[in-house]
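The chain that follows stands alone, in the form predicted on its own, written as structure tokens.
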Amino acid sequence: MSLKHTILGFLSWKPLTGYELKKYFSETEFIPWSGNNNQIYKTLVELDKEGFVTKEIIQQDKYPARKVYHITNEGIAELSDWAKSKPDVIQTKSTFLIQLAWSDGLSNDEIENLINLYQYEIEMQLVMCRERLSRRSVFPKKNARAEFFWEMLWQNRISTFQNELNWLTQLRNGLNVGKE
């Protein structure tokens, strides 16, 4: 994932502060990044130096000044060029799959417990995704096409979790294979 381009993408919707960007990252399931504010602010400084964003400082009574970042025409062009580049293939890294790879020596009850723990986490993620989609809190207000793409991004995440639950059913159904 490109932090730089994701920030430019969010800024293409509207001017934002670093705090608002962090909130967008934390509320967007399909953006696999859990970085800290320092990474966001460091990237914003780099984007400013490259001419992809500008910074507006807004003085406030009783609070520190707010730094609001705006995307520039150069930033829009950079985002567009990146959006046309070759995409990465999905990378699935799952502790559960690694655990399952070496679980053949466990009893069915132990495996069932492992599956139940994993299923619970998947179900919670699914609930959160559906809720975030229904609230549309991190959603572009640019145009119908942008909204359609974001709808489909959330639907992709939801279908991934739903598919995982379907796969867990198949896994449960096959637990007795090779067991004496």
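These numbers come from a predicted model, not from an experiment. When you see a residue number, it is the position in the sequence shown, counting from 1.
Keep in mind that the form predicted in complex with another copy of the chain is missing from the display, and what follows is about it.
Contact with another copy of the chain in the predicted complex, judged as any non-hydrogen atom within 4.5 angstroms, is confined among 60 to 68, 46 to 54, 128 to 136, 148 to 156 to 148 to 156. Residue contact with another copy of the chain in the predicted complex: residue 19 places no heavy atom within 4.5 Å of it. Another copy of the chain is not shown here, but in the predicted complex it comes within 4.5 Å of a heavy atom of residue 95. For the chain shown alone, residue 73 is not a contact residue for another copy of the chain in the predicted complex, no non-hydrogen atom being within 4.5 angstroms. When contacts are judged by a 4.5 Å heavy atom cut-off, residue 42 does not count as touching another copy of the chain in the predicted complex.
The partner is not shown here, but in the predicted complex the stretch 66 to 86 reaches within 4.5 angstroms of another copy of the chain through a heavy atom at 79, 80, 82, 83, 84, 85, 86.
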